[in-house]
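There is one chain below, alone, in C-alpha cells, taken in the form predicted on its own.
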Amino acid sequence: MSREIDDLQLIDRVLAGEQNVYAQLVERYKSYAFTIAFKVLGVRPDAEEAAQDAFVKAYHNLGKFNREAKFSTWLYRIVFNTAISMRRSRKMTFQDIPETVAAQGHDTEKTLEKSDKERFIQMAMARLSEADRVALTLFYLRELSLEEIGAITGMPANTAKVRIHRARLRLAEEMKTILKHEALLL
C-alpha cells in the first residue's frame, strides 16, 4: 500500500511541474514494462522501444490517470497496448523453433540441464498465443493478481483466471510435444 501512496505522491509532484521526478517512476517500473513488451514482441530492441514509447505515452497522459487504479496496472496496460500496436504495424515474422534453437548455439555439458529446461520452456512458450504468454508471465513471473491482469489485458478477472488455467494446460501439452521430439533425436 505504501508504494501506491508513494506513486501517487510522485505523480502529484510531476503534475505540479517537477518533470524530473518522473524518472523515479520509470526506474521503479522499467523492468516489468520491458518484460511485458518482450513477451509480446519477442525481440529485445523492439521491446525496449515499446517500453520506452509506453513511458512517454504515460507521461503525456498522467493527468488522465484514474487514482482509483494502481499506477502500475495503468502503466502495464499502456505497455501492453503499445507492444501490440508495434507488433501489428511491423507485421513481425517469427522463425521456426528449430531455426531459433540452432541460432542460439550449442550448450556446454556443464550447464546442459539448466539451459535445456529454460530452452524447452521458452520453446513451449513461443508456441503459445500472445495472450497466453502474457497471461502466464504476468501471473507466474510477475505475480500479479487476477484483477491486475484483467486490467492490463482488458478482460474480466474471471476470464483471466480461465485463460491462465487453459494456457498452463496448453504449455504442458507443448512441453510434452517438445520433449517427445527431443527424445526421438537422442
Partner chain sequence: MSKEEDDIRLLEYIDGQLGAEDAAQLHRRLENEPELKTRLRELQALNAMVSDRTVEQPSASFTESVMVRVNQYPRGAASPIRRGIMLLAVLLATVGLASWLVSIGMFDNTSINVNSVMFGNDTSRFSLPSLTFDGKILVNVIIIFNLVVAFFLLDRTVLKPWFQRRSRLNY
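From a predicted model like this one, the values you see are computed outputs, not experimental measurements. Positions refer to the first chain, counted from 1. Rigid core here is just the name for the largest C-alpha set that superposes within 1.5 Å across the two forms.
Just so you know, the form predicted together with its partner chain exists too; it's not on screen, but the next bit is about it.
S.K.: Closest heavy atom of T35 to its partner chain in the predicted bound form, within 4.5 Å or not?
M.R.: Yes, contact at 4.5 Å.
S.K.: Just to confirm, L10 within 4.5 Å of its partner chain in the predicted bound form by heavy atoms?
M.R.: It does not: once its partner chain is placed as it appears in the predicted bound form, L10 has no heavy atom within 4.5 Å of it.
S.K.: Does K70 make contact with its partner chain in the predicted bound form, using a 4.5 Å heavy atom cut-off?
M.R.: No - in the predicted bound form, heavy atoms of K70 and its partner chain never come within 4.5 Å of each other.
S.K.: Is there a heavy atom of Q52 no more than 4.5 Å from a heavy atom of its partner chain in the predicted bound form?
M.R.: So Q52 counts as contacting its partner chain.
S.K.: Within 4.5 Å, heavy atoms only, which of A126, V43, L62, A131 is in contact with its partner chain in the predicted bound form?
M.R.: Only one listed residue qualifies here, and that residue is L62.
S.K.: Tell me whether E18 is among the residues that move between the shown form and the other one (Cα shift of 2 angstroms or more, core superposed).
M.R.: Shift of 2 Å or more: no.
S.K.: Does superposing the core leave Q122 with a CA shift of 2 Å or more between the shown form and the other one?
M.R.: Indeed, Q122 is displaced by 2 Å or more.
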